[in-house]
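Just the one chain here, the form predicted alone, laid out as structure tokens.
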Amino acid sequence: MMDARQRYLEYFDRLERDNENIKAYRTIAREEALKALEENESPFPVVFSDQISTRGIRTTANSRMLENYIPPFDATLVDKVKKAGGVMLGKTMAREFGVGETENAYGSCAAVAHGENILGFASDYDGSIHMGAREYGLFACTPSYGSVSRYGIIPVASSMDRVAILAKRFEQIPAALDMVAGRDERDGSTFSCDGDLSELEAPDLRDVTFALVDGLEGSEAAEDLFKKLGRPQDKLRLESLPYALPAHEILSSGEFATNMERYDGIGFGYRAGEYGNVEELYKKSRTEGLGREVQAKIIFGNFCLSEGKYEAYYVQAMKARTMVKEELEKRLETYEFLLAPADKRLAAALYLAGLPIISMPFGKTSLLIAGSAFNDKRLLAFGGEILSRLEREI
């Protein structure tokens, strides 16, 4: 264990020199990590984004509103990782409350890329973590909605929020998902997972149906994969895709505005120092404590939920969400998996539908693979086989 302690000490020395440049960590947990090494038979380094509650360590959501918040409990995710031997190196930068300005929206990606065996966990509501993984050359996985408990995670949009897993090596992903997946009584959206998610059986690609989502930037690189596999290029266009981002923005903004009501300067969060009455306290606390982008999303969300606008905006967005979800599910009845370059519109659509996603480095972009809900183990096995074939240069 002394060797492990020395390795961690050396890493923290390097991290404290580099963090200003890589802009990965909001809080570095040197002392807590060294303490966690004691009587830990199988330690491994992990990081959590700053929206995930960690007992005794600041959880700020990268916002002035929560700059001094120290949770008295661990998120279910954190508790499971610690019990498995995880040693938390620190809390990583993220967008303010998941949506606002920050020094590095992909702090978790930067942290994982900075080390050799670091496992990253981040909260994500729109699939942007896959864009970050593309930027840093990482593997990323967002399992089916409800696979991993979100208890203790500061929410953005409760019907879309998910935990994302980040790693430099693909084999870390299934083991990590097996570690954290499963039913949690404190999160009613979760479900039990059958079987060992880390024990994957490589499929015969000749027996697997998959298609390329056409019409996206960077599709040419994904087309090359089919050529290397010697497969005909089955392509499809998602007719509902143009509606995915607008619907996602409207619905997530409405949910976000509701979730942010608790930060009023009275019961929770930053409190303005000078005010004349309760209404002024409320206004000044939120104006001073929240960044402009966060405020803008709250305002837009309340607008979409307001009387006279709800039917025109929010209800129509819910109908668009249903249309997106139904089209994806119908396509996945024909093809077991959908492949595409990492794309914001497609990621938003997949998050609206709650479908599992993995992404992996592929040339100058990332290859995104999605499957049916709750088919996570098969998706991981398929992704692993694709990677294996690529590494053998097919």
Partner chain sequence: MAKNYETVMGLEVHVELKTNTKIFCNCSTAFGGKPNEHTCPVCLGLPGTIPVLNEKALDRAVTAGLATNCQITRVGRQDRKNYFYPDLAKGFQTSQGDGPICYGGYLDIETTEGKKRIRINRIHIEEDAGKLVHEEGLGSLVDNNRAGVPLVEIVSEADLRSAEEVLAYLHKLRAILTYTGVSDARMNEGSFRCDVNLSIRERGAESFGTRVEMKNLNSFRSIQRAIEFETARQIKVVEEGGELFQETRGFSQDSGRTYSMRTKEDAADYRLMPEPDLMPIVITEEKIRELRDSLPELPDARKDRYIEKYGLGNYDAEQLISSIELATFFEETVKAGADPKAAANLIMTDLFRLTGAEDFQVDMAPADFAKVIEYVDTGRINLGSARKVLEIMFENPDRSPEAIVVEEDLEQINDRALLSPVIDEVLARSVKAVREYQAGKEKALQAIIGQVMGKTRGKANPQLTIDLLKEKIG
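Positions refer to the first chain, counted from 1. Computed from a predicted structure; not experimentally measured.
What follows is about the form predicted together with the partner chain, which we do not show.
Peer 1: If contact means any heavy atom within 4.5 Å, which of 158-166, 81-89, 125-133, 222-230 contacts the partner chain in the predicted complex?
Peer 2: Stretch with heavy atoms near the partner: 158-166.
Peer 1: Taking Ser147, Arg237 and Phe362 as a possible spot, do all three reach the partner chain in the predicted complex with a heavy atom inside 4.5 Å?
Peer 2: No, none of the three is in contact.
Peer 1: Which residue, Glu274, Asp207, Glu201, Glu307, is the contact with the partner chain in the predicted complex, using a 4.5 Å heavy atom cutoff?
Peer 2: It is Glu307.
Peer 1: Please tell me whether any heavy atom belonging to Asp178 falls inside 4.5 Å of a heavy atom of the partner chain, as the geometry stands in the predicted complex.
Peer 2: Asp178 lies outside the contact set for the partner chain.
Peer 1: Does the 4.5 Å heavy atom contact test between Arg186 and the partner chain in the predicted complex come out positive?
Peer 2: Yes, contact at 4.5 Å.
Peer 1: Test of understanding: in the predicted complex, would Gln172 fall inside 4.5 Å of the partner chain by heavy atoms?
Peer 2: No, Gln172 sits far enough from the partner chain in the predicted complex that none of its heavy atoms falls within 4.5 Å.
Peer 1: I'd like to know if Asp264 sits close to the partner chain in the predicted complex, meaning any non-hydrogen atom pair within 4.5 angstroms.
Peer 2: Asp264: contacts the partner chain in the predicted complex.
Peer 1: Taking the partner chain in the predicted complex, which residues along 61-87 bring a heavy atom to within 4.5 Å of it?
Peer 2: If the 4.5 Å heavy-atom criterion is applied to the partner chain in the predicted complex, 61-87 yields Leu66, Tyr69, Pro72, Phe73.
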